[in-house]
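What follows is a single chain, given as structure tokens, in the form predicted on its own.
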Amino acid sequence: MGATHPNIVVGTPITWVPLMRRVAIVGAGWAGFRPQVPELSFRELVFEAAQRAYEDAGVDPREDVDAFVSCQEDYWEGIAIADEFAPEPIGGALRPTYTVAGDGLQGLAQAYMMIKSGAFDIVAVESHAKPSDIVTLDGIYDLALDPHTIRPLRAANPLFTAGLDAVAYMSRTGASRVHLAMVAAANKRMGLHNPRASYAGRVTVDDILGAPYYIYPMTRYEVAPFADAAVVMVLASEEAARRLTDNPVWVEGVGWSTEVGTGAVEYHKWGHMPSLKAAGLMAYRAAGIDSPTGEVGFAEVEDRFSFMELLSLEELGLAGEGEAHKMLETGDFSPGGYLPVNQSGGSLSVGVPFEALGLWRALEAYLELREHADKYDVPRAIVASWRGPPTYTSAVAVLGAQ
């Protein structure tokens, strides 16, 4: 008699499901995206986004959705064990509901793997934020700093590490303050076409350079403000997606990474973002992409600080090391250019909705691919997010409409 695998109970029927099954986004909804949404709690924001997502996907969450993923962090909520509030607003009460203390793009990755496993056909992912409710924001940032070596320095701005990264990046690549201002001016302008971009506007490079520093070497125009928002996305296996829509957007690959040393400031490689590079390589491998050069139609990448857009493009292999600011000068990243970047206006126009940031970037790419895929020779997008200082965790997804 042959040996029995220790994880298989004899007599249990086994259903073999191909591990290479495709995963698609079949619906999405959002709510908020304003500096303040005082009329709604974070639970009500999620409920509104969920209603829109399920209507968009044509599913009943109580009957059709197999599991739910919620991304949130207790510190941002101001409530201990905040994930106890996750199931009800997304329709997950008494249903399999999983929570991730991380960015929404990490939650999308979890849903992707759940469907790939064959155990689930339809999974809903939500992420939300209400920064306007937080009274002690600087104190929360301080708690993320090492209590022995960094926190006692009592920095006036706990985001000072972003300034250190910006200076190191500029010194290494030759990018100047003008290049950083060009990123901010372009994103603020592109946001004028986006209904979710509360901070969009016509701002010139001179306006940006002439403003007071917020975090040296960046002025207030180059640091994304916060936004109250919620995003819900519905993911499905290929079989389910074909039943639900004629226009699915495929999740071709996902990746995530935390920098060595648990992302601590003391171990960080200044002027780089190793976690973003590692997450990108992981996502490309899953998507079967050897190199993203020529394989991507557009990108939605990290820009909560102006320098991060340029650094992100280099770490993701979408620009050569030290080449992003040169490509910016020639218009390669503009709409209609070689690789349009942050056509949504990015965080500089939309804001930073904490853990909903990555899922919002995926939302922008999903809407663009669903509605305008024919604009691109390669209807594929790279979506990348970073949880922001003082953490060094990144996530990347490859989305396609083919």
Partner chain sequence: MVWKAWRIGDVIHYPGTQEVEKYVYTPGIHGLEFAKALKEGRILGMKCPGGIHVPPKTYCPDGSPGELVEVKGPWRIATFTIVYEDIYGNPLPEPQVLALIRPDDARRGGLIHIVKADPDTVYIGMEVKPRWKPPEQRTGHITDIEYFEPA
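Residue numbers count along the first chain shown, from 1. This structure is a prediction, so every number in the text was calculated from the model and none was measured.
There is another form of the same protein, the form predicted in complex with its partner chain; it is not shown, and what comes next is about it.
(message) Is residue 178 near its partner chain? Define near as a heavy atom within 4.5 Å, in the predicted complex.
(response) No, residue 178 sits far enough from its partner chain in the predicted complex that none of its heavy atoms falls within 4.5 Å.
(message) in the predicted complex, is there a heavy atom of its partner chain that lies within 4.5 Å of any heavy atom of residue 326, even though the partner is absent here?
(response) Flag for residue 326 set to no.
(message) My question is simply whether residue 272 lines the interface with its partner chain in the predicted complex - judged by any non-hydrogen atom within 4.5 Å.
(response) Result no; residue 272 lies far from its partner chain in the predicted complex.
(message) I'd like to know if residue 367 sits close to its partner chain in the predicted complex, meaning any non-hydrogen atom pair within 4.5 angstroms.
(response) Residue 367: no contact with its partner chain in the predicted complex.
(request) Within 4.5 Å of its partner chain in the predicted complex, counting heavy atoms only, one of 196-204, 182-190, 209-217, 288-296 shows up; tell me which. (result) Among the candidates, contact is made by 209-217.
(message) Under a 4.5 angstroms heavy atom criterion, identify the one residue in 331, 174, 147, 320 near its partner chain in the predicted complex.
(response) Selected residue: 147.
(message) Please identify the residue among 373, 339, 40, 352 with any heavy atom within 4.5 Å of its partner chain in the predicted complex.
(response) After the contact test, the surviving option is 40.
(message) Let me test this: is every residue among 250, 335 and 378 within 4.5 Å of its partner chain in the predicted complex, going by heavy atom positions?
(response) No: none of 250, 335 and 378 comes within 4.5 Å of its partner chain in the predicted complex.
(message) Could you pull out the residues of 157-179 that have any heavy atom within 4.5 Å of its partner chain in the predicted complex?
(response) Sequence-ordered list: 157, 158, 159, 160, 163, 164, 167, 168, 171.
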